[in-house]
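Here's a solo chain for you in structure tokens, the form predicted on its own.
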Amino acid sequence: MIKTQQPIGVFDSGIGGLTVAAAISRLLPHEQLIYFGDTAHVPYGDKSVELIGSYAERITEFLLDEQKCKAIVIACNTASAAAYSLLRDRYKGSVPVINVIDPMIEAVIADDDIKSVGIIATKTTIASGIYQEKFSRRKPQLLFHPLATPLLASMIEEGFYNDNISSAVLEEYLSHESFKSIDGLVLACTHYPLIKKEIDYFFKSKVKLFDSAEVVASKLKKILEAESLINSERKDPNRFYVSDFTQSFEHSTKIFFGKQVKLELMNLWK
């Protein structure tokens, strides 16, 4: 039987999913998080669905069997597209499994003020067509405009945001002709919450931004509330694991989580 005091498992192909973890910590301050960044296999974007699925299965086994997590959050668009159905079906009726894509879709289609929405993401996510397919099927009248923005994630990881470099790159992307008439924009990469203010400034606050970190944290809270799994007691410290370790990764955690965290090396494929 799942107990409220058990931690929440969050995983990503790297450390970008720490934006989701940070949003969860802000919204659910009493919850302990166990984060796993599969830095040994990053990026997932150039790997097959089958291989990503095998990585996701092993990480989830670690989070559930060894860390005793009460819920799993797939804090990565590529892993969500490739492995969510697999994990959902495997653990159905056992633990909640939340991905980053469906909560974003739900948030957009539930907003009747949004008639035309832009989507910015990595090349892999845009090429998968998953957002386009789900919008077409669930709200056919909604106009959507996908745009691959491949420089943004690497730019953010290198610490270039809220500066002249990021402003120039963002202006090049966001000035795209298809974005002239949008009233909403989906930030479909877990790196992008870090440049949300810059994007809002570009659009003069006239375009509603759908932030994956906030949307997913809100969805998780609703699920935990519905299943009476909210922890209201004092939490144990969060723990952060990676499958490969470099000092640059540890330094970058401050960018994504908002404060320095200590990474623990955990190779699940020995």
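All values reported here derive from a predicted model rather than from experimental measurement. Sequential numbering from 1, following the sequence displayed.
There is another form of this protein, the form predicted together with a small molecule, and it is not shown here; the text below is about that form.
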- Could you tell me which stretch in 175-183, 106-114, 83-91, 69-77 has residues with non-hydrogen atoms within 4.5 Å of the small molecule in the model of the complex? 69-77
- the small molecule contact in the model of the complex: T122, any heavy atom under 4.5 Å: yes
- Task: Flag A153 as yes or no: does it have a non-hydrogen atom within 4.5 angstroms of any non-hydrogen atom of the small molecule in the model of the complex?
- Result: yes
- Exercise: F36 in contact with the small molecule in the model of the complex, heavy atom 4.5 Å: no
- Query: So, in the model of the complex, is I130 in contact with the small molecule at a 4.5 angstroms heavy atom limit?
  - Reply: no
- Message: On the criterion of a non-hydrogen atom at 4.5 angstroms or closer, are S13, P43 and T190 all touching the small molecule in the model of the complex?
- Response: yes
